[in-house]
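Consider the single chain below, provided in structure tokens and representing the form predicted alone.
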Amino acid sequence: MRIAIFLYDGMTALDAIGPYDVLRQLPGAEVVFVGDTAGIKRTEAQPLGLVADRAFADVTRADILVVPGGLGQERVMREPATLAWIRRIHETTTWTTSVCTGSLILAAAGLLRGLRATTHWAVLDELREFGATPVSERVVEQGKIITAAGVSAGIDMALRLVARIAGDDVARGIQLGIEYDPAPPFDTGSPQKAPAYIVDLVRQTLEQMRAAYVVPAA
């Protein structure tokens, strides 16, 4: 089973690595990290680099595609070659998935039109611009497309996908193996739970980060 994880400058690290640490444990898994070119892709926190071992031209099919989000997503959404590759791979997949604002990349590729989908709460309504129906849920399945909400939801998405492919017990075992048993110190993990002033503060911070983000130098 080939699992293609798309890497690009400006992605959020956990969006890619969370699903990776779950999906790599699927029986028969072969994980490939893919970028527009092979080489190091810098995350939002620029000192951290992840390596794309393959370029688009080297990967023409996958059973599972994972598209992470991140501040670089807005640039990626305007890259015709990237969107064309996603559409080509989607034609071969059993499952096409996204984490956080990665769903906006899928939407820009035309894959979410007429479908329910989720993304980070702060940009949820932007899905409407691409003909998708925004849903404030942690994981949303629509046929073979699975979208996950912000960052940490990628682990939930991956575990649900393992259950679909290999059964609940395999998914339970992987969850236990990575000790995914969240017990956060605060019950503010969604805008519905957080105080309004915290929601406003985070929204403003994210908007400032999006406006100020600069693509890392090669």
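Start at 1 and count along the sequence shown; that's the residue number. Here the structure is a predicted model, which means the values were calculated and not measured.
Missing here is the form predicted together with another copy of the chain; even so, the following discussion is about that form.
By the criterion of a heavy atom within 4.5 Å, Thr147 is excluded from the residues contacting another copy of the chain in the predicted complex.
Another copy of the chain is not drawn, but in the predicted complex it has no heavy atom within 4.5 Å of Phe56. Looking at Arg172, you'd find a heavy atom of it within 4.5 angstroms of another copy of the chain in the predicted complex.
The shortest heavy atom separation between Arg116 and another copy of the chain in the predicted complex exceeds 4.5 Å. Within 4.5 Å of another copy of the chain in the predicted complex, a heavy atom is found for all three of Glu44, Val151 and Tyr180. In the predicted complex, Ala149, Gly150, Val151, Ser152, Ile155, Asp156, Leu159, Arg160, Ala163, Asp168, Asp169 are the residues of 148-169 with at least one heavy atom within 4.5 Å of another copy of the chain, listed from first to last.
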